[in-house]
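Shown here is one chain on its own, the form predicted alone, set out as structure tokens.
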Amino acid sequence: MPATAAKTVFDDVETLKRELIRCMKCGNCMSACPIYNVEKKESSVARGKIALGEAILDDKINIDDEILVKLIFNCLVCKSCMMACPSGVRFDRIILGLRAAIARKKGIPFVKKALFGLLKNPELFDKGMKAFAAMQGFFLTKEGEKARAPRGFLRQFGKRFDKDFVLPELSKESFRDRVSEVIDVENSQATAVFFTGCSVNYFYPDVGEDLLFVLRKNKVKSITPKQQNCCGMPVMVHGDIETARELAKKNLDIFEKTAGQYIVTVCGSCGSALKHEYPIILEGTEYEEKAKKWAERVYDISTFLLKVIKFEPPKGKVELKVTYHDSCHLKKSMKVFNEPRQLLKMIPGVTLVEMKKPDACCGSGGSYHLTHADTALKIAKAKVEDIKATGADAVCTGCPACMMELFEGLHRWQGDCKVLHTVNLLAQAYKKEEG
């Protein structure tokens, strides 16, 4: 175990067992779990996985069983089950604790270990992403504006890489290379550190640029640290807690060097990692107090605009019928769901229409949509049908990973609807106002 005195669910079997016994096996999680709704198997839902976890930790089932490992990894970590649990069981901690136990026993698979190792070296990771962006034409064909599809030889690497798969084009110039590290404004009312996350940096630089524009319009000085690291969530969900700790410490050291009062995010998963996961994985370490201090200063952009600073609503008109998709980590972890809707309603010309199940998972789950293509596609299709039924011109959300999944789903099932981040629309309205 690393330099930590705490016995967290990620490090200690007995602590994990105490979390497991809080489940009273009522099965309320079945109605909320997107995977159970598709697969209809007890092993798909939280209650079933908790039973498997108890058997693993009591040595009744061999943790080396590959089928068992697959069952434990068949979870989106969307936290929907926790919204339905009357006992307040923290299933996110349980499932990540079980995966960490598997990683301790079996080790991290070679390919994952190599990828996670890149994340620990931001300069090398950055060079790798830029090299891939420059060569993406070899692997991916153009599929309309700013979209790419895998070439035929890539289809052998996964069922999801079929003829209908698309993804946003990788930007040849990353967002953090495009912008100044510090953008000052006259008579600023606050200073915010922008934690970009990897998706905005490489796939959605327009979201980052619009965020900085919205901050400037509201007289907020921004700091975008060039050397910030991955938030660590992608490695945590694969059980690699040590790499997650290392990334968290590096990010906290970077925050300490800024003069930022707040941290602003545009990604539910990044925000959730910084606000809720860092204080837990760093409990008992020399970084515990630092993690708690910065966690209190982390805000999604919608909360920051409406509850932290004096917000100046845009006056420019954007004629658009919009529906809103709740990112799982933004709503179920960050508890942010009213604020984005409030912002959309404040944009002149925007009509907000709710879809049938706005907080139903889109099926992304980080890499889940690639590793569990059949189930993820069924979940995504239901989401796309709900979006199409609204007749909206655009679907807004607060998470770049959801944006990717919705973008692909709408392409796959012929949805005539744009995918936007809430800050994209806010920026549009401010630009209309400027004329």
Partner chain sequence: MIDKTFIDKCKNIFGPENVLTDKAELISYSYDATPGIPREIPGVVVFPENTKQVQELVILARQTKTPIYPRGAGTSLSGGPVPLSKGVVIGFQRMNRIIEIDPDNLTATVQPGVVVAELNNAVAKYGLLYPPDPGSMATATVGGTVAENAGGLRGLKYGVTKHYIMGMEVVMPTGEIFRFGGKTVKNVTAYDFTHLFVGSEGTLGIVTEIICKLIPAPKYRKSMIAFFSKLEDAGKTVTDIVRNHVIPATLEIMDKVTIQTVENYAKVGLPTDVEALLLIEVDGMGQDSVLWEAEKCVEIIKQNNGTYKIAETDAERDSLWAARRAALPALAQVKPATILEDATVPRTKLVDMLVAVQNIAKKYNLMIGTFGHAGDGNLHPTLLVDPMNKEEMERVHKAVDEIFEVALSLGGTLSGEHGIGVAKLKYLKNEIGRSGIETMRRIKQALDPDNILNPGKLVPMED
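Numbering follows the first chain given and starts at 1. Being a predicted model, the structure only gives us computed values, none of them experimental.
In what follows, reference is made to the form predicted together with the partner chain, a form of this protein that is not presented.
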The single option of Leu71, Val185, Met346, Val353 touching the partner chain in the predicted complex, heavy atom within 4.5 Å:
Leu71
Of Leu370, Ala51, Ile63, Ala389, the only residue with a heavy atom within 4.5 Å of the partner chain in the predicted complex is Ala51
Can all three of Lys226, Ile254 and Ser272 be found with a heavy atom no more than 4.5 Å from the partner chain in the predicted complex?
no
In contact with the partner chain in the predicted complex (heavy atoms, 4.5 Å), from 79-87, 281-289, 335-343, 207-215, is stretch 79-87
Residue-level question: is Met30 within 4.5 Å of the partner chain in the predicted complex, judged on heavy atoms?
yes
Any chance Arg22 has a heavy atom within 4.5 Å of the partner chain in the predicted complex?
yes
Partner contact for Phe407 in the predicted complex: the partner chain, 4.5 angstroms, heavy atom
no
Lys17: touches the partner chain in the predicted complex, heavy atom cutoff 4.5 angstroms
yes
Partner contacts in the predicted complex for 29-59 (non-hydrogen atom within 4.5 angstroms of the partner chain):
Met30, Ser31, Tyr36, Glu39, Lys40, Lys41, Glu42, Ser43, Arg47, Gly48, Ala51, Leu52, Glu54, Ala55
